[in-house]
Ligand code: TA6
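A single chain, nothing else alongside it, follows as structure tokens in the form predicted alone.
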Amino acid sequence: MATITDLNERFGIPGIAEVVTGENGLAMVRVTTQAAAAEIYLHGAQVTSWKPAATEEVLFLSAKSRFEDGKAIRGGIPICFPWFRGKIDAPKAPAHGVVRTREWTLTGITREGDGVVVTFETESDDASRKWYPHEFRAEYRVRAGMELNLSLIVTNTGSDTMRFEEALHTYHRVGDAEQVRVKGLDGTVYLDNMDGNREKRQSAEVIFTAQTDNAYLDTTEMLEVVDPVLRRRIRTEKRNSRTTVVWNPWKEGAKALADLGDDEWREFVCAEASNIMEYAVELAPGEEHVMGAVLSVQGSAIRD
């Protein structure tokens, strides 16, 4: 496996994008341009920080996050694939799939306009086949600039049709979850995972008054996280995503998670592009599917 030095010599752009040692010795790409700063770990191909110029951090990262092989990083934007939540037919399978806890292969770093594009790849192997018997290749393209543009490209490299779920599980950093509103889901049918996945219909904006885990169905609308404390709006434009997941563990859920501080639930809400449950993706052999999201920030949360 290539060392951090090798990767930096091959892909690094001095003063712009460099492969460096991150938490617990893990390799990460650090982007620093006039437009934005970002950090992306090879572990899970996970974006853990994005700060457009003159704004505060957009993504939440827990102070208790684990940076270990086989463990998920709590915060940022984990990639969930090829299933979401627990695997229904295999309770002992890792939550949210097999790719968020493995090291991806860095395949490129390039300049593009005001941003930097970082690409990663991973593919099926013996470890993934233990839980998911299909052959696949996944490419992840992150463009970090004034906008954060994410593309997950999945290719069926096997000889049979594959079905999978996917999500870009975005932790939006907020001033106080109890004061946040999520716009773009009014009138949408959703399944309430805190109420036995009962089908309900959203009325007006989403607000957080208790533990929340909703899967909004057949929706392609832009999401807007309205944060009156940080005086900003975080927008997510989805591509080829027909479901939206909204989540916050609240007090009870936070206490049950070893890698999340008891009070950190106030500091984030998740609202993300996904294709899950009945909207899972089916790919024939040789076919490719691309799901994406573009994050942008409007508001006055300006650094001094």
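In case it trips you up, residue 1 is the first one in the sequence shown, and so on. Remember, it's a predicted structure, so these values are computed and weren't measured experimentally.
The protein also exists as the form predicted together with the ligand; that form is not presented, and the subsequent description refers to it.
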query: Stretch in contact in the predicted bound form with the ligand, which is absent here, among 84 to 92, 151 to 159, 125 to 133, 180 to 188 (heavy atoms within 4.5 Å); finding: 84 to 92
query: Heavy atom distance at most 4.5 Å to the ligand in the predicted bound form, all of 96, 171 and 245; finding: yes
query: 4.5 Å heavy atom contact, residue 220 and the ligand in the predicted bound form; finding: no
query: Touches the ligand in the predicted bound form: residue 277 (any heavy atom, 4.5 Å); finding: no
query: Touches the ligand in the predicted bound form: residue 213 (any heavy atom, 4.5 Å); finding: yes
query: Partner contact for residue 63 in the predicted bound form: the ligand, 4.5 angstroms, heavy atom; finding: no
query: Partner contacts in the predicted bound form for 253 to 272 (non-hydrogen atom within 4.5 angstroms of the ligand); finding: 257, 272
